[in-house]
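Okay, here we've got a single chain as structure tokens, the form predicted alone, with questions on binding and movement later.
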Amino acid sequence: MQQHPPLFRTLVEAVVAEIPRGRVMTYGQIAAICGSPAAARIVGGIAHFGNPDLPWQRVVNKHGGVATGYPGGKIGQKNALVSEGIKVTKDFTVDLEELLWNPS
């Protein structure tokens, strides 16, 4: 398994901190931006154990699905997104075509 130095975590957290309210990014998208396109699961681990003050609710899977590991589970992440005006479907997904944010 590829090792990811502390710099990777710092980069991930910096990207997450920039996701605007009402928009989302995927774990894989963040991994790619941070230089490790195959590290989506590592980004998920950082989300699970990372800085709780960051807007992790704005990070979803490649299908737009919310995470079971989010505090409060899927319902917790859904509620956090809905409070930002993001529609989450009954099957706990968001519309990536409409909401995906690509930092410049």
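Bear in mind the structure is a predicted one, so any value in this text is a computation, not a measurement. All residue numbers refer to positions in the sequence shown, first residue = 1.
If you look for the form predicted in complex with the DNA, you will not find it shown, but the lines that follow are about it.
> Please determine whether P71 contacts the DNA in the model of the complex, using a 4.5 Å cut-off between heavy atoms.
P71: contacts the DNA in the model of the complex.
> I'd like to know if I75 sits close to the DNA in the model of the complex, meaning any non-hydrogen atom pair within 4.5 angstroms.
Contact with the DNA, no.
> Would you check, heavy atoms only and a 4.5 Å threshold, whether A32 touches the DNA in the model of the complex?
Although the DNA is absent here, A32 would stay clear of it in the model of the complex, with no heavy atoms inside 4.5 Å.
> Does any heavy atom of R9 come within 4.5 Å of a heavy atom of the DNA in the model of the complex?
The answer is yes: R9 has a heavy atom within 4.5 Å of the DNA.
> Since the partner is left out here, which residues of 39-66 would have a heavy atom within 4.5 Å of the DNA in the model of the complex?
Heavy-atom contacts to the DNA in the model of the complex: A39, A40, R41, I42, G44, I46, A47, H48, F49, W56, N61, K62.
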